[in-house]
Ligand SMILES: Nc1nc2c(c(=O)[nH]1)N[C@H]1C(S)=C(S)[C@@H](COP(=O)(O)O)O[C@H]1N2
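One chain comes next, on its own, written as structure tokens: the form predicted alone.
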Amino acid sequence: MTRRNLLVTGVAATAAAATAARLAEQYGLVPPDSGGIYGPGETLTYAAQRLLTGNSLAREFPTSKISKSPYPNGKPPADELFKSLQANGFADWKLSVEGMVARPATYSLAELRALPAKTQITQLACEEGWSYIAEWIGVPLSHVLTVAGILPQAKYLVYSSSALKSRRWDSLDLAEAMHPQTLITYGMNGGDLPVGHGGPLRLRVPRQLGYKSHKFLTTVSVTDKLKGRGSSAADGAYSWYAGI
């Protein structure tokens, strides 16, 4: 490639990126990690997938494809609160629904199990190579948020294990939060959700990489803005939007 061709290619790429950025802003598809050297790429990925895939579904599998030994990855919380809740069979575990909703609420595990349930067999895809297929049982997040009543100005859902010392948190846009396959899961492969896989509660986001399926869920909060790059994972150099 000649120097002239290289310059022309660079100018064309810059123009294309600028056009993509304008379109993303026009459609409100600028992710919270849009700044910095990798920001244009994050914006292009997020906007393109949102515009092209819309409300598409993650692939679901037959029971014959369920992995025999799904890798749990990581260790459960070591703080005394988690240990005491576990010792009591998580009977006192609570999920708080808060933020920009008309009807904030707190659910016990028993109350969540009494809500309309959904089962899906989907792959938890990890970029580190330990992906597996499992049956997930839970209540659609969209049902819980509809009951809570999302306020019109809301844009995001922040979710975390904020009652525990780990303080990890993540977030989704409302399109992903309200997607029919996004579940608050309490069961896996016909039984309770194992602690190693995030029990008693885990947010399951099958259209995104595994780190978005946050374990040990205690809080979901609806908001109109996000701090920093949108999650503790994104603050640690992962992409905020991890669509697959």
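Note that this is a predicted model, so its numbers are computed, not measured. Note that residue numbering follows the sequence shown and begins at 1.
Unshown form predicted together with this ligand; subsequent notes refer to it.
Across the proposed site, L124, Y132 and R168 without exception bring a heavy atom within 4.5 Å of this ligand in the predicted complex.
In summary, the region of this chain contacting this ligand in the predicted complex, judged by heavy atoms within 4.5 Å and restricted to 71 to 79, 109 to 117, 144 to 152, 93 to 101, corresponds to 71 to 79. Among the residues G39, G190, P180, G196, the one placing a heavy atom within 4.5 Å of this ligand in the predicted complex is G196. Contact check for S213: a heavy atom falls within 4.5 Å of this ligand in the predicted complex.
A residue is said to contact a partner when one of its heavy atoms sits within 4.5 Å of a partner heavy atom; R202 meets this definition for this ligand in the predicted complex.
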